[in-house]
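One chain is shown next in structure tokens, namely the form predicted alone.
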Amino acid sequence: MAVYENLVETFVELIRRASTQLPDDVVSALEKGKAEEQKTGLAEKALGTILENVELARSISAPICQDTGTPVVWIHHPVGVSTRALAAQFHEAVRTATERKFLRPNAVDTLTGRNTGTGAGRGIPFLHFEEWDEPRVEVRMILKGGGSENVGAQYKLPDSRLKAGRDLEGVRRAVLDAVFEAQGKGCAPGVLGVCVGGDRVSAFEMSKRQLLRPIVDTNPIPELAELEERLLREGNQLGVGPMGFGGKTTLLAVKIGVLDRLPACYFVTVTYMCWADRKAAVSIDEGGEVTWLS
């Protein structure tokens, strides 16, 4: 379809919005955390500085964080739209966004240690394509920073160290362990994307997909909704706090998805997103009209 053959600038704008404009739901969660911290304490000051940074980035259209992360992208497309063409356009958009300073050159050749200089490389951006029946292309993206990526974790239950069995109580123990082990290295307060089940690969993709959910939504599965609320409450009782300075705001949200599993496997996979929970979305209909989504 010809309308989908010239989307580079739309994709560049998608990247710019994600890189420079923290979503309102994340800003509100940060403001709520600041209000709950002890006045003049390190936690309250850290959150105040974060919020000032967020506003400045938005006002001058500059990246919120120096680590602009890896674009992780989910593209839904109608039957007949070339995924190869969409991928090529998104790679070009990443290179253009890097030239315009919306992205840092973040792609490093693993074998040579050399930076590609373009922001794109093997596996960067990380693109997921899904065909659907809607007459439009929808693109949803997160920018996943390296510091928070380093503190992601995958647990194999049962886990004798945690006394964690193959049940939701075991999931709870694993997730809280991941939060405690991250300490300030994940740039708290964080948002957790969690997958219960799946294999080692599908579980990480599903855990990242959870980060597309709004901060304040409710899981449609009642037992997972209850677990999300409990983990948010208990995670904030660990005392890690913003940037590891201590305090009441270690997590902004916990989002849990579930996949079926092999009988021999029970994985709990935790993707940790830092306070710079950057995400953006766009829809392009068959007439070429662009709609920015929340």
Partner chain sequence: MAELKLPVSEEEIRKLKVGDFVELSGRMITGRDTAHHWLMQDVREDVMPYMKDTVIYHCGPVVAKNDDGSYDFVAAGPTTSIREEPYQADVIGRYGLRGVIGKGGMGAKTLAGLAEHGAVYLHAIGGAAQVLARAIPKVERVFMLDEFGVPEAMWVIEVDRFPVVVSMDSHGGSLHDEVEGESKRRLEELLK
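Numbering follows the first chain given and starts at 1. This is a predicted model, so every value here is computed, not measured.
Quick note: we don't show the form predicted together with its partner chain, though the next part is all about it.
In summary, the region of this chain contacting its partner chain in the model of the complex, judged by heavy atoms within 4.5 Å and restricted to 75-83, 180-188, 124-132, 206-214, corresponds to 180-188. Residue Ile64 is the only one of Ile64, Leu30, Ile256, Leu251 with a heavy atom lying within 4.5 Å of its partner chain in the model of the complex.
Its partner chain is not drawn, but in the model of the complex it has a heavy atom within 4.5 Å of Arg172. Its partner chain is not shown here, and in the model of the complex it never comes within 4.5 Å of any heavy atom of Leu232. Although the partner is absent here, Leu262 sits far enough away that none of its heavy atoms falls within 4.5 Å of its partner chain in the model of the complex. Its partner chain in the model of the complex comes within 4.5 Å of no heavy atom belonging to Gln38. At a distance of at most 4.5 angstroms from its partner chain in the model of the complex, all three residues Ala46, Val240 and Phe245 contribute at least one non-hydrogen atom.
Residues from 38-63 that approach its partner chain in the model of the complex with a non-hydrogen atom closer than or equal to 4.5 Å are Leu42, Lys45, Ala46, Thr49, Ile50, Glu52, Asn53, Leu56, Ala57, Ile60, Ala62, Pro63, in the order they occur in the chain.
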